[in-house]
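So here's one chain in two forms, each on its own in structure tokens, numbered structure 1 and structure 2.
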Structure 1
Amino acid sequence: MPEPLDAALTEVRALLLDPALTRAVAAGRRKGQHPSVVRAELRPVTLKAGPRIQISTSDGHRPYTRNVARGAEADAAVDALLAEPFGNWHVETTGATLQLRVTKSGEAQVHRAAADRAAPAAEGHDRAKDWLLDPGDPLFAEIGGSAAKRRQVDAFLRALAATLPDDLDGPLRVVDLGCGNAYLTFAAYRWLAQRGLAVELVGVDVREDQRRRNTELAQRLGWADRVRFVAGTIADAVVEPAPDLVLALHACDTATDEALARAVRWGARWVLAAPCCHHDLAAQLRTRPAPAPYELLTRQGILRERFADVLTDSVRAALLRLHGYRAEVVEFVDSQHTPRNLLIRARRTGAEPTPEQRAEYRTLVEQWQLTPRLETLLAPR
């Protein structure tokens, strides 16, 4: 039920200044208005000078952080943020969670709930790591909270944060193709929802037992109305409507190609794929002579396998560019934690490829006599 915006913001103000505040995020924009910053985050910190409220803002290009003392300084800083035409507020205290969304008519849709986690201690200024998802979050009690898993979750969420725009404020449809036990799927939903976004997420895995397990976990977490799972292949599973964001994390060999092809055919706005097991082009390199003067690259078996990894992801990124995406390959977790640490990150621009881009791709695959699986999948039907 819509509420008067002024009254709802007064409630938000009280929570932001409450010593029980644990975290708050403001993002998005109201219809026809533009805040001076695209995102603001508030959290309590403890400095040598005493407790402070840390306010981190971003203009979309660079962050700015300041620590304000409670009292008149904090009052003024909070009032300034509340005067900004943000479209969404998400506020957490030790006792309650409040989510506010400003409607197109200028009213407030407010969801209030009891806190779903214990309050963390106020963070020190020199804390060891600023996690995107609190290590004490109840989610880790369900998916496991080992140090290695927390690092991988955090690395993935940072890659996701770098992919999505800071001012994203509309509903977000997400599909995770080949989700497996779905711990990164759940982490993505948790982090996106904490940003105040209305998220609908579908996980796809070929195994029915995984679907049942993940569905039961979503129910235990209270997310079953927003997070659901289907059993089916990456190529054929029914997902409607088409997603905005496609995830494919460690899908083996050509399963990554199938995920990328579905993302392109859906016209997904963003794609994050962590490839695994590059067998397809490796097998082709074993049966074809390397073009001169590159014979030394494939003569040794171990070097040929590693070269196939690089070649496969280079070809995938090039094909995404030819289909209207800006694509890059980045390292998203340190190689000491997993050797499969590359991430293909793509954003749809709709730009037509240049003749030079088409030519360099065609020259590469013809010189090496390759038939990339992704090219076959994206060929006109």
Structure 2
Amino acid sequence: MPEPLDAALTEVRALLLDPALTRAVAAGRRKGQHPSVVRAELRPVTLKAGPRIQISTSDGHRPYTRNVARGAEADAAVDALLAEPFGNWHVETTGATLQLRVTKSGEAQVHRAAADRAAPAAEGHDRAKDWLLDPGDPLFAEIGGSAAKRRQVDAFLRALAATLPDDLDGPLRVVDLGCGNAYLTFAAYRWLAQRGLAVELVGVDVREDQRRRNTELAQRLGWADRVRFVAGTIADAVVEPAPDLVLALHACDTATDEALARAVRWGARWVLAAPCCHHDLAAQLRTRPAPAPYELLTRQGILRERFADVLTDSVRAALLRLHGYRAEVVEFVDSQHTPRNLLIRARRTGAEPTPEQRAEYRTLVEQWQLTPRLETLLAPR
């Protein structure tokens, strides 16, 4: 339920000046208004001179940091920040988390949660600092999920953190393709919103029952106006406007190709896709002779399958490069948490591929007589 903005900002002020403050971020902008800085972050620091609140602001180009003493100096600095027309505030204290978003009509949409910094029993030895998203975040009590899934998702978000620029300003449109039970979707929303970004996130899955379940969950979390779900295929689901960021975690087999192709057609700025099983090229390798002298790589079933995995993701990254992306394949999480631990990470540069890149790709697929699914999906219509 929207609340009066003034009252909500008074609550934010009290938390910012509370000695229990651990971190706060302000970012985004209100409709038709422009704050003088794109982002502000506050955290407590202890200097020789005593405790201070450190305030770091960024005008989008250069950061500026100052430390203010508690009392009149901190009061004035906090009041000045609260007077800026930021669109979002995220405030954490040792006892509570508050997220405030200013709606188009100038009211406050506030989410409050009690902080519980204890690590979950299954991972009792982990400390909160080992995680990007605190495992004690009340979000996890709502969305459930195994310890392994939590690890995968946290590692995926770390890779996302390393991909997005530090001075990114919202709004950010995100899609999670093949979202399943939306564990990544909700965790990504939480993390991006904590960065102070105004985020609109759409989860796509072919299963209507998942759409219903995930939509109910978004309503329970109070996020239904920012996190919504669509039942449909990755190739055809209606997602408008086009997203800036495309996520896909373990979309089955060629669903990953559909996700990459969709991202290219949308012109998404960033793509992070952790592939699942790879059957497409494995099946093609079974029925075609390997070029000499590489038959040794494909004669035995298990080696052929593993080779197909490597070939598939190499080809995917190569095709992304041919379509104006800087692409790399990295291990995003230790294999103890999932054997499907590779991540294709791409950033759109718009660079034209070189003749050598085109020739390299063409030679590879022609020698092996392969037609990768992604190539077909990206072919001009």
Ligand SMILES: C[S@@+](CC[C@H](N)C(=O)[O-])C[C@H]1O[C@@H](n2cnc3c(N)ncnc32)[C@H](O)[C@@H]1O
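None of the values given here were measured: they were computed from a predicted structure. Take the two forms, superpose them, and find the largest set of C-alpha atoms that agree within 1.5 Å; that set is the rigid core. Residue numbering: structure 1 sequence, from 1.
Only structure 1 comes from the form predicted alone. In the core-superposed comparison between structures 1 and 2, Val238 has its Cα shifted by less than 2 Å. Superposition on the rigid core between structures 1 and 2 places the CA atom of Leu164 less than 2 Å from its counterpart.
When the rigid core is held fixed, the Cα atom of Leu82 travels 2 angstroms or more between structures 1 and 2. Relative to the superposed core, Ala24 moves its CA by 2.5 Å between structures 1 and 2. Look at Glu41: with the core superposed, its C-alpha moves 6.0 Å between structures 1 and 2.
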